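Given as structure tokens, the chain that follows is alone and in the form predicted on its own.
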């Protein structure tokens, strides 16, 4: 075990991320204060943001807002407010924080969140989304649309033509709704350009994620990916979003050439399943960095899209490619066998030493079945796998001492396994 390493977020990429996200939230505040522009609330998983951008509607993601609040240690009062209103303690903490934020007037440390002019529930995998946006519709009286996304049922994980057509029909209904809300007709030429920028952004993001196959990995694909995920969702399809990923690609490519990683020494390469505990993100990261453990891949970085396995938006078939993205190319709408396959590819192709499953107490979509997932990787694949639990938003479920003991014991065993394997390989009985 090494001494805890202070990880400094510096460089052009992090500065640019702060700049463009501050600009994004300044625009959100301006809408909240009545500048006349429209805003839509929607969800991260497999979202049709390109259509909103084509109507000059600002996408607002409740998940992004509340995780930003959690990182700033402000989530618990919002959660408690929702529980006072009758939300159960085991309800999704994202939902409770967002409902609490609504009742707090949308005021955050970084922006004032505007009420939605339209609600777009891109249902992907989790029925809590439906209830969440039904509640928001009752509170805000905004016009709402639920886009029904069928679960992927094919063995290869590809969407069927019938499923694509089914979702495209709903996207066409969304176009009509957006035309009514904005008073504008869809400019197909501009829409195609937006989808083209999304395709290029996806290509750059996929290449960036492929770089962590290198030794050392140039960044942590769990903790550092979050720096790139916010612009990927909030600014995808924009010139500014594309420029950010050009900068990110250039910076990460330089790190690969120079052999630089996020830690002084990369001792263990891990794959992480599940979202981070946002209220304790730095503490959680330090539990791994002190062991020289770097995440070379993560399922969380694919909640909004699974680009690294080949998906690209297609400007020649914009609605069909958006439908495919919503159907199949995000982790939230994949069945457990497909999630196993995704993690297995990470372990094999990214040369990982172990899998860490962070089970989220208030998120059934991610946590259901993760005990079986651990058994699969330990027994069927002989991959050392650690299962730990806290929450992505509620700090009451984060036990630092317990987590540290579990993580330390796991890496001690992993280190011993490596020593034993070396002795056997060296012919020592």
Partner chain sequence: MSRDIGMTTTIETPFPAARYRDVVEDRDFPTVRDYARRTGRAAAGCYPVYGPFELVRAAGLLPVGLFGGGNRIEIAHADSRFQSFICSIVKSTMELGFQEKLGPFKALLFESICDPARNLASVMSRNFADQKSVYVHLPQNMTSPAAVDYLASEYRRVLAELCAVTGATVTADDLRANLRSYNAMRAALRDLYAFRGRRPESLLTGELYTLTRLATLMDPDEVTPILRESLAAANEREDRPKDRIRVVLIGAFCEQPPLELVESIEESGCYIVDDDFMLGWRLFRRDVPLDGDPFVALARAYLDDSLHLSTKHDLRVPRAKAIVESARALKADAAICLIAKFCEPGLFDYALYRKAFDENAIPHLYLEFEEKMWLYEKIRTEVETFVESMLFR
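Numbering follows the first chain given and starts at 1. Quick caveat, the model's predicted, so the values are computed rather than measured.
Although it is not shown, the form predicted in complex with its partner chain is what the next lines describe.
*Asks:* Work out which of 223, 123, 329, 350 lies within 4.5 Å of its partner chain in the predicted bound form, going by heavy atoms.
*Replies:* Only one option qualifies, and that one is 123.
*Asks:* Only one of 265, 210, 138, 187 comes within 4.5 Å of its partner chain in the predicted bound form by heavy atoms, so just point that one out.
*Replies:* After the contact test, the surviving option is 138.
*Asks:* Do all of 257, 260 and 406 end up near its partner chain in the predicted bound form, with near meaning a heavy atom within 4.5 Å?
*Replies:* The answer is no; none of 257, 260 and 406 reaches its partner chain.
*Asks:* Can you pick the stretch from 274 to 282, 166 to 174, 248 to 256, 198 to 206 whose heavy atoms fall within 4.5 Å of its partner chain in the predicted bound form?
*Replies:* Careful reading of the contacts points to 166 to 174.
*Asks:* So in the predicted bound form, does residue 369 come within 4.5 Å of its partner chain, heavy atom to heavy atom?
*Replies:* Yes.
*Asks:* Classify residue 359 as contacting or not contacting its partner chain in the predicted bound form by the rule of any non-hydrogen atom within 4.5 angstroms, answering yes or no.
*Replies:* Answer yes; at least one heavy atom of residue 359 falls within 4.5 Å of its partner chain in the predicted bound form.
*Asks:* Quick one: is residue 364 in contact with its partner chain in the predicted bound form, heavy atoms, 4.5 Å cut-off?
*Replies:* Because a heavy atom of residue 364 falls inside 4.5 Å of its partner chain in the predicted bound form, the answer is yes.
*Asks:* Give a yes/no on whether residue 192 approaches its partner chain to within 4.5 Å in the predicted bound form, heavy atoms considered.
*Replies:* No, residue 192 sits far enough from its partner chain in the predicted bound form that none of its heavy atoms falls within 4.5 Å.
*Asks:* Quick one: name the residues from 302 to 341 with any non-hydrogen atom within 4.5 angstroms of its partner chain in the predicted bound form.
*Replies:* Residues within 4.5 Å: 335, 336, 337, 339, 340.
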